[in-house]
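Read the single chain below, which is given as structure tokens and is the form predicted on its own.
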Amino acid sequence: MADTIADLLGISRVIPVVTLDDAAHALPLADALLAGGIGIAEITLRTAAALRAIEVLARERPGFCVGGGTCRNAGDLRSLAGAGAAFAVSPGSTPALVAAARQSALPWLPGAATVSEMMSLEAEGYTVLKVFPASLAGGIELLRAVAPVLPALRFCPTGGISPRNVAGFLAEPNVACVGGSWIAPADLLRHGAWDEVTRNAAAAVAAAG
């Protein structure tokens, strides 16, 4: 599972985290991101349109890797798998969610904010973890502190990542990628500002080096 999620996250070092209010925005979103050099996105399960958007992308843009975020329970995992998501992302982890993920074929990126949570997930076999909320949990300083004591772990920090600090996060050796909402924020989607999304994606790719 960890190797599979690592391969998926290797598609881009910056992963857009997107909240869609309208499933009709899914295809132009993917096209805008691809034009900017990013072939992956996490669609959060925060709106009624999310699963439909994932279904559309999985069917109509097979070359685009779409995952589902804000996955909090076994039902969310089943819904994402049924929608055709390529992976699932959780803000945290619970024993019940870990057990459900073990029974699911869907690659899962579990979230952690403390060293104890990181150690617990490593004991379950997960070596690629989401750190959320990254900035509030300690940011770059946290990642540097855990590097020598948890050397097998790699991270995808999300929460508080922006153009201002993305390069600093990505410079840390234990950071596989970052997730961020600034590339395709809700206001740009509502106004159909796809060229702006493309510019944001291209700038993020350039920042990742």
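In case it trips you up, residue 1 is the first one in the sequence shown, and so on. The structure displayed is predicted, hence computed values, not measured ones.
The form predicted in complex with a small molecule exists for this protein as well; it is not shown, and the discussion that follows is about that form.
- Think of it this way: in the predicted bound form, the small molecule has a heavy atom of just one of 174, 47, 181, 165 within 4.5 Å, and the residue is 181.
- The chain is drawn here without the small molecule; in the predicted bound form, the stretch among 115-123, 102-110, 128-136, 74-82 whose residues come within 4.5 Å of it by any heavy atom is 128-136.
- With a 4.5 Å cutoff on heavy atoms, residue 20 does not count as touching the small molecule in the predicted bound form; it lies far away.
- At the 4.5 Å threshold, heavy atoms of residue 37 stay clear of the small molecule in the predicted bound form, well away from it.
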